[in-house]
Every structure is written in C-alpha cells, then in structure tokens.
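Shown here is one chain on its own, the form predicted alone, set out as structure tokens.
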Amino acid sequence: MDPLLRAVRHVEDILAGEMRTRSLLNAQKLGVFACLAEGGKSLEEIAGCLAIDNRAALSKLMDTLAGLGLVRRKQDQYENSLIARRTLVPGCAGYFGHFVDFLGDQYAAKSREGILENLRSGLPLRPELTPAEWQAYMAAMECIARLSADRIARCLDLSSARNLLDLGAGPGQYAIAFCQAWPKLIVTLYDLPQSLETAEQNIAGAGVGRQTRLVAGSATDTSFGGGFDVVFISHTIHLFDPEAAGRMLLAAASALKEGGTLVVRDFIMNRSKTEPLLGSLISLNMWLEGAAYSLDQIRSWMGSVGLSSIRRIRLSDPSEAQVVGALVAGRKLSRKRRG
C-alpha cells in the first residue's frame, strides 16, 4: 500500500473508533439488546419495542451493530450475537451493560470542550457525583471486578496471611473473592461510605460477613490503621496525581506488618507510557486529575517507603492482562534491615 494511503488509513481507523463507541452507547441507551433478548425481531418489531418512529435511522443503527458483531441479521430479522448475549443482555451472568452506561455518562459529563479547557488551564474536570450517579458508578465497577476478582485471588498466595486491607474496596467484589479463596483470611474494606453501602449488600449476598470489616474513609487519608499482612490497592492510584499517589503508598506501607506485602493492581504502563493504550486513554478521557503510572514509577515509590523484593506478578494466562490488569507487589523490610 502507498505510504500516504497507509498513514491516512491509520488516522481513519482512529476516527472510526469514536463512531463505533457512539453506536454501541446509543444502542445500549435505546435498549436494543434487551429488546432482542427473547429472540429475533423484524425492524418493525424493534421500532415498536423501542418506540422509534424513524425507521430509516433505526435500520442504519441495526446494520452498523451487525457490522460490529453485536447483532446478526438473517434476512429481515435481527438477533443478538453471541457476544451481546454474553455481555449486553440484562440479567446475563457476564452483563457488562452497566459499564457501557457509565462510559456514556462520562462522555456526556466530560465534553470535548471541557477536556480541551482542562488541557489548557489544568482546572479540575471531575464533577461531583449525585447519589444516583454513584450507584451507577458502583454498578460499573462491579462489571469490571467480576471479570478479574477470582483470577486475582487465585494468583496471590495468601495461605499464611490472616489480615488483608482492601484499600478503595469499591463494591466489595475483590474482598469477597479473597474471603472465598482463603477462608482463614479477615478482610478490611476501606472506602467512602457510599461505596461501603454497596459492598455491604454484596458481602451479605455472598455470605462472607464473618470474614469482613467495613471501615469508612478515603484513599487519601494519611493512616489506614496497622497490623496487616497484605494491603491490596486495585485501580485506585490512577485516580490521583503523583504526589497524592505517593502519599497513598506511604500510608499503605505504614499499615503493613514487618514482612507484609503491598499489592498494587492498575494500568501499569511501560517506560514511555505508550502501552497499554487503554491506560493512557482512560487517564486522558476519564480521570484527568490522575494518571496511569509506569512500572518504574511504582517501583520507585515502593522502594522509597521501605519495600523490597518488588516484582510484577505474572498471570497464568498472559492474555488476561488486558482485562485483569497488572499487579506489582513489594515486601516490607524489618526495622533492622531498613536500618
């Protein structure tokens, strides 16, 4: 291919990404996948189900979803694809629609003009969430956690641990997975009160209440208590600027027993901060006050707060890293060794 055409094709592919996203967001908002949950429907039936008058526009949307692999068209009928049935039909085991809804809300709240203004001035862009928006956020985080909690609990050897602090515990899915995988473990969930409300409900449903403690606070607190064998921080440090992230890791290390382990799970970037791309995309488009940090930065922070044997934990299936994320662990030195 001609080099110029190849370059233009690359730019076109990037631009098409936003159009693909809008198509999914609009379909989810309209309820297309729920409408097709019971089986295939004609365009007229879909229009009636969704109360849509513009048949021409609906036809374009449905054909686009077919091109994206989210629906299948059989003559004059449309039905959910296997991907949609597994992830976008309400009530399915792998339902991911709450995260799709959350991403759409983020796009609406953080317009292109707002992001440009943030880039120019540095003024904060993150809006305060209403109670309803917070519930939607928790539902989205549950979608993410369900994909990775069991895998993370299995890849960490917590056989000798008795107390774990889940810092920024969110809806509690990781705490539940730790309790189920390691029955002798006591997990302290530390997060904002509105997060703990959701976590408490999930913990009760999972039947692990005897293994858990709920403590209200903020990840930016300067102390999280002490005496923990493990501190686990999942997808939290990227929400904050480097100074605040460094303080968080200092407080987390202070909460560990001597010989305890700090585990950070996040978008761990390469040295040039170009990969994984999802980390930089989310940093720019969702959490402008924070950043996706590199492995070198996290190692440096861990070393500065007295941790050693800092290592990246490898997943059993490397391809899972795109969904599960990366984990970095460091061990707290004894006072004698620190001295």
Ligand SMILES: C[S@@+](CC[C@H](N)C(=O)[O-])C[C@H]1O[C@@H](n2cnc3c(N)ncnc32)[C@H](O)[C@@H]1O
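Position 1 is the first residue in the sequence shown; the rest follow in order. Quick caveat, the model's predicted, so the values are computed rather than measured.
There is another form of this protein, the form predicted together with the ligand, and it is not shown here; the text below is about that form.
- Although the partner is absent here, residue 163 is not a contact residue: none of its heavy atoms lies within 4.5 angstroms of the ligand in the predicted complex.
- Not displayed here, the ligand is approached by residue 195 to within 4.5 Å at the level of heavy atoms in the predicted complex.
- The ligand in the predicted complex is not approached by residue 267, whose heavy atoms all lie more than 4.5 angstroms from it.
- In the predicted complex, the ligand stays beyond 4.5 Å of every heavy atom belonging to residue 95.
- Contact check at 4.5 Å (heavy atoms) against the ligand in the predicted complex: none of 228, 252 and 332 pass.
- When you look in the predicted complex, the only residue of 236, 87, 188, 261 with a non-hydrogen atom within 4.5 Å of the ligand is 236.
- None of 177, 219, 214, 156 but one reaches within 4.5 angstroms of the ligand in the predicted complex through a heavy atom, and that residue is 219.
- Contact annotation: the ligand lies within 4.5 Å of heavy atoms from the stretch 237-245 in the predicted complex, the single such stretch among 237-245, 178-186, 200-208, 107-115.
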